[in-house]
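Taking the form predicted alone, here's one chain by itself in structure tokens.
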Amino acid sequence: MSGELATWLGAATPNGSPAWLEAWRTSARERATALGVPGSKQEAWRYTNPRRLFEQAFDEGAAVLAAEALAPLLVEGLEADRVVLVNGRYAPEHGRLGALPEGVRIDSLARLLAEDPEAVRPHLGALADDPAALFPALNAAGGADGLVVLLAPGARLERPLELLHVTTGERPTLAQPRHLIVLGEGAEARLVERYVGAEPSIAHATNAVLEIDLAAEARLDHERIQHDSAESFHLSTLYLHQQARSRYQGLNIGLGGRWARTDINTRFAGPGAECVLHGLYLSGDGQLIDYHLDVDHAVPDCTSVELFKGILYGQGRAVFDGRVFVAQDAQRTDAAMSNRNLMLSERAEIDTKPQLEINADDVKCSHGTTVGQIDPQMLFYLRARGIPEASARRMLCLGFAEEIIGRLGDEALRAEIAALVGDRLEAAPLD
């Protein structure tokens, strides 16, 4: 097993690192080795088999990217400051950060660990504490860099912050970035997180971990767009911790990769908090897009909303596995989870399993799922007016997706995603 995981476990902790960091990495390495590669008998992996990941040979790709190679990966007109990671490593030469407001700190995790480790010590690994999760453990053991955003109480980012992940290289590379987003009481920010690949035919891999800690009355708008290269592997695990009256609004869009899995773990730790999760995924041409949600209502008077929509064509596969847990004392919980899917092919497949586990009696909770096809009458109506079938299908699918795409906070980003989704659907083979 250790041979399979060797690249993922990374190198030893650098000499001179604080003892607590070395102990944390060593513990993660031991935990990952003991866990081994999960199999389909484990409930969280019943629909997917990650073993093929460990059959790949990955390099620790250097963070080298020419400016002319970055330009096509940017969203023209996106009004945001920018931080760029290349193969999981902070690349300040590609960033665009203006003067930061008072009380805001944005920096590289690697630099802080080397020069000011106490700044991240209270937060690093504090939320990603699942002893049974292999990939977060591998990230802790082998990850070298990431983004740190620290906002003091009352601080506010005046402009959105784009976090752009780029994988590149002539050989398959492995990137394991780790990000810490900590908002003090009443702080506010908007984060646009994008994953892109510079080489469409190379099977790069990403194993990202985000730890987001929102203090009382803090607010974070977080848009995550996964558009990795077509042959890549993408794993992302998000841990969200919310104190009283905080608000998290997350929007997740999954488009790229041969296999992409996103785990979102939310825990309410104070009353009056709200978490809204929306998602859109597009899967075809042998892709597998995989979303797992775990929302823990541990305290009373909190609200959660989850709405994920999928469009599948060709031999595309998708998984939606969502769970809302309501603790015994979490009275007056308001939770709603929904998964809706549009199937354009008889060969496509969706495994959907929204779940509620309720241990309180004064709650308002609902869940549901739908799987359907394009309405043939609507398609006939458009074709009768001279619209080609592929274009008509594009129009109808974008209408289905608009409920999610329209929530993106920037017009340029909305146009970019609508074009990506529409172009793929228009070019999709007709069954």
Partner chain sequence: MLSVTGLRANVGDKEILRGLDLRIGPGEVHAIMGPNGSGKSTLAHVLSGREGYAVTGGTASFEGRDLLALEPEERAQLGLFLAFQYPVELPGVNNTYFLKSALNSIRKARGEDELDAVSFMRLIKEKLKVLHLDDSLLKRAVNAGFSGGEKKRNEIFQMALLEPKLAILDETDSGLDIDALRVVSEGVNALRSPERSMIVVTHYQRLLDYIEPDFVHVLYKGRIIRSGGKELALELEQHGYGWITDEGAAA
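Residue numbers count along the first chain shown, from 1. These numbers were taken from a predicted model, which means no experiment stands behind them. Superpose the two forms; the largest set of C-alphas matching within 1.5 Å is the rigid core.
Below: the form predicted together with the partner chain, not depicted.
Segments offered: 65-73, 370-378, 50-58, 23-31. Contacting the partner chain in the model of the complex at heavy atom distances within 4.5 Å is 370-378. Although the partner is absent here, Gly406 lies well away from the partner chain in the model of the complex, with no heavy atom inside 4.5 Å. Interface membership of Leu35, defined by any non-hydrogen atom within 4.5 Å of the partner chain in the model of the complex, is ruled out. In the model of the complex, the residues of 373-396 lying within 4.5 Å of the partner chain by at least one heavy atom are, in order, Gln377, Met378, Phe380, Tyr381, Leu382, Arg383, Ala384, Arg385, Gly386, Ile387, Pro388, Glu389, Met395, Leu396. The Cα shift for Lys364 between this form and the one not shown, taken after rigid core superposition, is smaller than 2 angstroms. Gly386 is among the residues whose C-alpha shifts by 2 Å or more between this form and the one not shown once the rigid core is aligned.
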